[in-house]
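We begin with a single chain expressed as structure tokens, specifically the form predicted alone.
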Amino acid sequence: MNYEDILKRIKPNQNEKNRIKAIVDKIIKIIGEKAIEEGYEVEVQLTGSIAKNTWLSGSADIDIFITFPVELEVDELKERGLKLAYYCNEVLNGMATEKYASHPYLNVHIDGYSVDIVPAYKIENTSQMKSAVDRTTLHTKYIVKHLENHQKDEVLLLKKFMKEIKVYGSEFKTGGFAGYLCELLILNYGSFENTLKEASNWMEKVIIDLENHDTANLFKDNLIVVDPTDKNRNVAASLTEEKLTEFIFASKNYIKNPKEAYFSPFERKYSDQTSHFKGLEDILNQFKDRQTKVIFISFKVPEISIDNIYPQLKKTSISLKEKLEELGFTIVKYSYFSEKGMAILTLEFDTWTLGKYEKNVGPKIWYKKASEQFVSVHENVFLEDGFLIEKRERRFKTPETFIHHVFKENNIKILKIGKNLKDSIVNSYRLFGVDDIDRFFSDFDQAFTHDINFRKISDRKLEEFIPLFYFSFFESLDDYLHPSQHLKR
């Protein structure tokens, strides 16, 4: 495979580099001068993929760290760091959002770029570390020192490949490979192709220990990449088994049949907005062909980060699934989806209507006291295989009846619900089936977008936002019906 044409597409050109350098220089100068004026002892530095020259064209996220002496109290660090960050935002006319990692930092939108301005401690090694963000500067220094110039192209190829097979990004929504992890893989295996060849043969318990720290026994993950700057950390700890195995599977496919198509977005059968609408009928027919019953539960979600939303959606989905299975319903598959202030849970049932009666199994007849108590409390008791059994009418014969019951304010505590979702679910949930998808979207703006808070969530005009949500949900249905389709070309 000739990678030159691919690299021309994915490497930032000189114009892009110059634009980013100008913004970075401006930010560092503004913060540095303000720090001197305030009498703060700081070092302002660029970190992350831009500092390492390993970012993909068009996807530059700028990370600026304001590092303070380790002697400074953490409350002072937070206060001084945010003061400098807000000042910079004000001078550059940016749009700021305060976020939280180990401590607060500022995300600023300036001239079309997303910039994280992060207060941290200036450390020489992890023994001085006071929070997880402190080691970021060590990561940058390590990669800058060890990654050869020609290997930066190999990192770009690996990142682009991972991005298009949907395993790139360590945020919870993705659960994939972090940029730093990609760089360490290239350092270990030397090149993009060699990384994929090795990955296609990975078995359980792969260990990469570039600095021979010999601490892999501390971790139980299937991929262990000991952080060269911190022997007590596995860089691959946040990588899910799903994304790890998807990468292995895609690597096998690529090595067997390398194609340039792997470095472009997966081309769906319905690849444009017009055909999305036409394709909905096909999607509906595929669901019907499965001869199962699918229930969608939609509700609004609060304005919190996607990394907070997705763990809560997962927790809620699993709890709802477990409760339904306890009642006797058979769930084939479930999933959860969120886009711009809305969430949809999907539950697919193999068994969705239960009989009128159920068995309530009591004690064995040999236990006299327990048996007498069971018989005194219950009617319609009979004996089966030595157990006392009560025949009773089911309270919930369909999943819908249970869902409507449990999503009430007094009953939702039955489930383990994400802490930020309870009120949203109770106040805005809506149940619909495959045949109701069209109607759901036709009612969408009336049902979910009349209140001013919801309108604020969208950074687009409402008439643009609704199709965006529609297309995203459509693609999630396509992925639901055709899992792993993006792993081969």
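Keep in mind it's a predicted model, so treat the numbers as computed, not measured. A residue's number is simply how far along the shown sequence it sits, counting from 1.
Keep in mind that the form predicted together with another copy of the chain is not shown, yet the notes after this line are about it.
Undergrad: With the partner removed from view, which of 228-236, 81-89, 248-256, 188-196 is the stretch that lies within 4.5 Å of another copy of the chain in the predicted bound form, judged by heavy atom distances?
TA: Result of the contact check: 248-256.
Undergrad: Does Tyr100 make contact with another copy of the chain in the predicted bound form, using a 4.5 Å heavy atom cut-off?
TA: It does not: once another copy of the chain is placed as it appears in the predicted bound form, Tyr100 has no heavy atom within 4.5 Å of it.
Undergrad: Is it the case that Thr351, even though its partner is missing from this view, gets within 4.5 Å of another copy of the chain in the predicted bound form, heavy atoms only?
TA: Flag for Thr351 set to yes.
Undergrad: Val381 versus another copy of the chain, in the predicted bound form: is there a non-hydrogen atom within 4.5 Å?
TA: Contact with another copy of the chain, yes.
Undergrad: Please run the contact check for Leu415 against another copy of the chain in the predicted bound form: heavy atoms, 4.5 angstroms, yes or no?
TA: Leu415 lies outside the contact set for another copy of the chain.
Undergrad: Which of Tyr113, Trp202, Phe266, Phe172 has a heavy atom within 4.5 Å of another copy of the chain in the predicted bound form?
TA: Contact residue from the list: Trp202.
Undergrad: Out of Lys359, Lys220, His150, Lys419, which one falls within 4.5 Å of another copy of the chain in the predicted bound form, going by heavy atoms?
TA: Looking at the other structure, the residue within range turns out to be Lys359.
Undergrad: Taking another copy of the chain in the predicted bound form, which residues along 353-369 bring a heavy atom to within 4.5 Å of it?
TA: The stretch touches the partner through Thr353, Leu354, Gly355, Lys356, Tyr357, Lys359, Lys364, Ile365, Trp366, Tyr367, Lys368.
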